[in-house]
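There is one chain below, alone, in structure tokens, taken in the form predicted alone.
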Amino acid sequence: MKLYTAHAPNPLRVNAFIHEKGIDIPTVRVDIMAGETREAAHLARNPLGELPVLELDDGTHISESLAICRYLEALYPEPSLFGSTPKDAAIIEMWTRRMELLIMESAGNIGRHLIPIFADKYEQMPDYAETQKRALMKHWAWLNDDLSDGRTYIALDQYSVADITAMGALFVMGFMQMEIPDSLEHVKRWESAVRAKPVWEGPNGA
């Protein structure tokens, strides 16, 4: 296997997953800002020109962060990051979906509509990005209320793909020079826990 990755939110999610699993996968860093994802070589791997991409030994290319993580979970089931029982898997899936739709989507929209490199891919609307900043803070506040029971992690109080999904939003916020308010003490507790993960270190971290 070979992983094509970058210094970006979705690659961070797969990198975090790999770190937690302790998997050794050769990586190739693709420079997004230099336009390498728009080049023919990368478009042959993923016609959407996005990252990450996992290349299998038979030449198959798997893109989309969650799909790559599910593939790796099937190959390396321990420690489980998707839930080891039907109940746990359902709860983690529920929270992962919430993080995708509420936290990651709002953060992603901020970047899509404000970062110049995306101008040829999206019709950028800076005013819409401002609404998404407000929406993101509302969603963090909602999560803060849910985490008020004292648990460290988002689902079942165990580190899972739900946390990894929300970590992608932290990456976007860092890039956009945004911070979670100190008033959201329970989310800040979660943030401290996930920022202690080694994925934040190194060239593909944050």
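Please read all numbers here as calculations on a predicted model, not as lab measurements. Numbering starts at 1 and runs along the sequence shown.
One more form of this protein should be noted, the form predicted in complex with another copy of the chain, which is absent from this view; the next part is about it.
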* Structure fact -> As a check of understanding, the residue in G174, P47, G35, P181 with any heavy atom within 4.5 Å of another copy of the chain in the predicted bound form should be identified as P47
* Asked: Can you say which of 166-174, 24-32, 63-71, 147-155 gets within 4.5 Å of another copy of the chain in the predicted bound form, counting heavy atoms only?
  -> 63-71
* Asked: Does every residue of L81, S84 and K197 put a non-hydrogen atom within 4.5 angstroms of another copy of the chain in the predicted bound form?
  -> no
* L114 near another copy of the chain in the predicted bound form, any heavy atom under 4.5 Å? -> no
* Can you check whether L56 is within 4.5 Å of another copy of the chain in the predicted bound form, heavy atom basis? -> yes
* Asked: Can W142 be called a contact residue for another copy of the chain in the predicted bound form at 4.5 Å between heavy atoms?
  -> yes
* **Stretch 117-135: residues contacting another copy of the chain in the predicted bound form, 4.5 Å heavy atom cut-off** => K121, E123, M125, D127, Y128, T131, R134
